[in-house]
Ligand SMILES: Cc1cc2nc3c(=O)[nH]c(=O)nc-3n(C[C@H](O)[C@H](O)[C@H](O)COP(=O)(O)OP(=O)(O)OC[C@H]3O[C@@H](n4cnc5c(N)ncnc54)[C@H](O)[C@@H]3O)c2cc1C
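Heads up, the chain below is alone and in the form predicted on its own; it's given as structure tokens.
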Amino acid sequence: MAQSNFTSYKHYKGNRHFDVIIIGSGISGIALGAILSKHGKKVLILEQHYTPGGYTHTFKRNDYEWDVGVHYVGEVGKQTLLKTVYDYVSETPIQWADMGEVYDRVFFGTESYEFRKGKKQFTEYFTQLFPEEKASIEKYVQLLSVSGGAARWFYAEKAVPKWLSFLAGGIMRKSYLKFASRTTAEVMNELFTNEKLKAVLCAQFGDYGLPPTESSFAMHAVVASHYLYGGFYPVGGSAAFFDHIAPVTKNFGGEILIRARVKQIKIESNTAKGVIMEDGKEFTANQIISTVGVVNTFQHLLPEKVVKENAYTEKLKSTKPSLTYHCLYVGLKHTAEELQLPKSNFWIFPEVYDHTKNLYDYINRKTDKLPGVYISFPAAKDPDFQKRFPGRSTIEVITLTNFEQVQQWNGTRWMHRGDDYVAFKKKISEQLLEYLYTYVPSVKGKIDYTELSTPLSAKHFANYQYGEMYGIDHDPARFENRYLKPQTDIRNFYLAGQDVVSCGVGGALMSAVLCGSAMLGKNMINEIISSAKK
């Protein structure tokens, strides 16, 4: 991390009034800081953690480094809209390393499949495996594109003035809701008859945290189309997001403070006025934005009276938290090249081609078999890794779970949760290592360091109530919620982050663009595109 780009709150002696205060320094917070700074706003970004960056930050142990939330990015291999936005909010462009022709490998037991880069290659590969489904595969790929086109109007409606939303909102949302209101399973069942093909095409459901029977097809389409032209990794690791974007706020006179926990947003006459810090001191601003999730915001940051007056408790009843995860961080005193580690991600499932059954048999303790394991190889993906950590490599092994699995230790302190918790972590770690040894046998006997994070770790560091990975669930009901937009019912108070658009760095980034549009009263997409052409 670029140390000059942030200051510890306890050492800060500067201004107490800003044009804009942003709570949270994840991709949406720093991107929004850049957008507003470029439009003449003095911005303060407050981060409660000791490391900025949200789920884009990295952490180090024993001369190893891991990313905590960014394992690959799509739509940056050419000058797409998303890449244009990344370039606009960055001081210098982020460099992207191509993961190659196969970005995801999917395993059901010993059977394997490949997600190949390019619409034509993707279609031809699966047609060769499932020739009887040729027409359906072509229709599926076309449907991904159509859904993406409808999404633009749906999300644009979130940023338009209330009067325009009243007049045209229904029309702007209608086309996308045809996709969003149906589950992934419903659409896939209409398209395909082969159960294996359906399960394979839904293998990336871990990228949004809901099995096909529960997820909105719109969310599935976002992820599937996002990676259709390949996976890419930021050169320098996921810390590159903060390192490239955060300087813009600083360059325009703004501030980024770490260890800066906000106790409450100050509201007077239903108007946001500033924030009250944990130590009781205040910052004031003309506009306040929360990027830390709608549940965190409404349940913990807003005064109870304001929550009741704006019926936010009732609105939250229509949402539920996404699933969470265990992640085993692995360090090796060997290079990715020596170990022949792949760039592609591994998605590993039981022999049963039924994601819902696999997931809920595990969650409901009908089996100890993990519902799915995801393996990422950042040291192989990042061409800069060896420059920073010569002779070493890292791997991340992840599985989905729910908070109930660690509920008995809720309320205990990080690093002081007791021997039974240590034993529990050891069991999960050993399970994940067995998958790693099975599918990447070259690492057996060569692991130097391991560390497991659980839902309690995510709760501690990300401040999500249940350690949820993706904020609120991406089920059909989510897309019907009209309050999930930048402008809130409180004057001068706005929302950004993955709950406003969708999970993932791309969704969070675009939420910053929408929020900037709403706050500035202009179409930031058009401005960003026009700026790129100059």
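Start at 1 and count along the sequence shown; that's the residue number. The shown structure was predicted, so the numbers you read here are calculated from the model rather than taken from an experiment.
Below: the form predicted together with this ligand, not depicted.
- Y227 is the sole member of F130, Y176, W96, Y227 with a non-hydrogen atom lying within 4.5 angstroms of this ligand in the model of the complex.
- Note on the partner interface in the model of the complex: the residue among L44, V505, A34, L495 having a heavy atom within 4.5 angstroms of this ligand is V505.
- Residue contact with this ligand in the model of the complex: G24 places a heavy atom within 4.5 Å of it.
- With a 4.5 Å cutoff on heavy atoms, V292 counts as touching this ligand in the model of the complex.
- When contacts are judged by a 4.5 Å heavy atom cut-off, Y55 counts as touching this ligand in the model of the complex.
- Interface membership of Q142, defined by any non-hydrogen atom within 4.5 Å of this ligand in the model of the complex, is ruled out.
- None of 254-262, 116-124, 280-288, 154-162 except one has non-hydrogen atoms within 4.5 angstroms of this ligand in the model of the complex; the exception is 254-262.
- For the stretch 317-335, the set of residues having any non-hydrogen atom within 4.5 angstroms of this ligand in the model of the complex comprises only Y325.
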